[in-house]
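The data below hold one chain only, encoded as structure tokens and taken in the form predicted on its own.
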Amino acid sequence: MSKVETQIQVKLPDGNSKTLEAGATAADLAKAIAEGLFRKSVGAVINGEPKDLYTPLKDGDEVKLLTADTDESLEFLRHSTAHVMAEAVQSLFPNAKIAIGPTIQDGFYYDFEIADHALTPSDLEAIEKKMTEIAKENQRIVRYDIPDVDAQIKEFEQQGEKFKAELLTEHRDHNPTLYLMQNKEGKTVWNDLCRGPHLPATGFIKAFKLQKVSGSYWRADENKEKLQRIYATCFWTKKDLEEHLKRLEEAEKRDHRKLAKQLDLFSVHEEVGPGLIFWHPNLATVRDTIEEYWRKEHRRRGYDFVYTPHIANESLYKISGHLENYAENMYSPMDIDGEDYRCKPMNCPGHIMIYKSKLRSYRDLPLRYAELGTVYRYERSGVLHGMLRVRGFTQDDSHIFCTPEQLKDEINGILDLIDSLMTTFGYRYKAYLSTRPEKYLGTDEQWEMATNGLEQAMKDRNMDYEVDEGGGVFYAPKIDIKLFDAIGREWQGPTIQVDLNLPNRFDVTYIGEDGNRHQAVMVHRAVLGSMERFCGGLIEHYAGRFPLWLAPTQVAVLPISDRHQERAKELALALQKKEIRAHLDDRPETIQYRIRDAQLEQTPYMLVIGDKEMEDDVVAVRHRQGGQVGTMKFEEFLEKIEKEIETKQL
């Protein structure tokens, strides 16, 4: 054989190449570069796809070696730790049957069917202990191509592994593989059907935590087998794990459902139905304040407010395509005068109806319609979550109708509004440009115009963004904004879509300068998203401590005794006349008790009125976090908080 046939050349991320013997693996590449790199390598990305470290390489492959320092490696770690957990469970509970065990954000889970046993916290401790043993054994994790699928299915069935047998039957034509866990002697001690990739061995696994057990169903079907799901997380180092667990502990304290009970914010009632939110006065005040601010900002930017009906004839949603593409998320029709009507799932068709109520000229454009519109969408009961996932919600919806030439400026105006609002609420954010998917409506020219308009607006602002290739919806490219809250968690934020579908379906046109009809450009835009999700997120972002301008009660006025009540009433009334939300707490409790109550209710400021304050014509000011602020003239205090409210200090 010639030298060319016995060697291969692979490309490295830095642009250099490396020559290896034919048949060499990514592990051989790591060893050829440096022995230390080989010891640290946990996997590879070959031609853009994550692969096991011992994957054979071909001539011309582009290879990136992964260590614990690379972002992609965490997926390898969590996927492999999930297998270690499943091995531990079946070691402790031999009758356990395994289902699926995918990675999820910040961790992984595994589903099991365990006859006649419900997993307990003490079981999780035992499983963790067994996992530690498996990790220390440094079992090899070996990929095995299944040579005879029918024989393997039969073996799974004989073992009672019905879920594995079903999955293998389903994926028999997808080059199915097993991953084998092998001990020091090379004997296989456990296996699972899996496409991988995985770590080379369990010795890399050092920091993990089993978090909780919950119920689930095979294939998420309530009519199929009931399973037990173990949620877990893992990191490369114990330090990273401890920091993550601390973040989870902080997130638990901030859970908006828990704070809702403490602060009397909202409720959900079985008699009414899940996913339907009742806003109590405290949170309704927060919402009203946000909506007032929202309206003011939109007026400044040339938006017109509209209101559209909550129900519409089904024919509207046939035109829009919702019945064709979105019916499973819509509620059943109601018969009205012999015709079918539906609760609206979106506001856009209603805004189009207003636009089409008369002939439009290019001189009328852009038209910016904004509505705090309530919509109704079916969500499975299992995914409902407080205010964050609901069935009825109010969107801060807007649709802009403009000419192609106006698109970039309109996008820029929306981005300006987004920045202003998100900064006011104290959110950091990151932008993503989602481009044309494989299946799409409209012409290539339309997509290019829409995508360029979105991208150019961000470039003009020197805005940092990432491109999500193919991440657009079938009818529109879009900008997605991800928000980062006070503890670094990511939330779905504002979105901007340039719609290439509905203007065509509804024949949304305008008369151009040439006297001909032209299709208008339609931009969908939500800044806050839904009021439910946004306010639920704010509760957690602020940990229930709303800034002064949003706080349900801004000032608590506390007379020390009966003889101070008249003065306290005067001050409370004076604050209310200035549209400051003041509460007079003159209950026959001790002043210390009432101060503590105001702090627990997260009231930003407290005014304490006693003999000395009345004698010196001052107020004693306390803050919910800093304690005693000091004494000052009431007018001075009023000026201070009016400025704090006006500037929306965080």
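Just count from 1 along the sequence shown to find any residue number. Only a predicted model underlies this, so the values are computations on that prediction, with no experimental measurement involved.
In what follows, reference is made to the form predicted in complex with the RNA, a form of this protein that is not presented.
Out of 579, 270, 71, 444, which one falls within 4.5 Å of the RNA in the model of the complex, going by heavy atoms? Among 579, 270, 71, 444, a heavy atom within 4.5 Å of the RNA in the model of the complex occurs only for 270.
Position in contact with the RNA when the complex is considered in the model of the complex, options 560, 286, 415, 483, heavy atoms within 4.5 Å: Partner contact (heavy atom, 4.5 Å) among the options: 560.
Identify whether the RNA in the model of the complex is within 4.5 Å of every residue in the set 114, 197 and 497, based on non-hydrogen atoms. So, no: the whole triplet misses the RNA.
Examine residue 229 and determine whether its closest non-hydrogen atom to the RNA in the model of the complex is within 4.5 angstroms. Yes, residue 229 sits close enough to the RNA in the model of the complex that at least one of its heavy atoms falls within 4.5 Å.
Contact test in the model of the complex: residue 118 vs the RNA, heavy atoms, 4.5 Å: So residue 118 counts as contacting the RNA.
Does any heavy atom of residue 351 come within 4.5 Å of a heavy atom of the RNA in the model of the complex? Answer no; every heavy atom of residue 351 is more than 4.5 Å from the RNA in the model of the complex.
I'd like to know whether residue 275 contacts the RNA in the model of the complex, with contact meaning heavy atoms within 4.5 angstroms. Because a heavy atom of residue 275 falls inside 4.5 Å of the RNA in the model of the complex, the answer is yes.
One stretch from 37-45, 24-32, 51-59, 586-594 that, in the model of the complex, holds residues within 4.5 Å of the RNA by heavy atom: Among the listed stretches, the partner-contacting one is 586-594.
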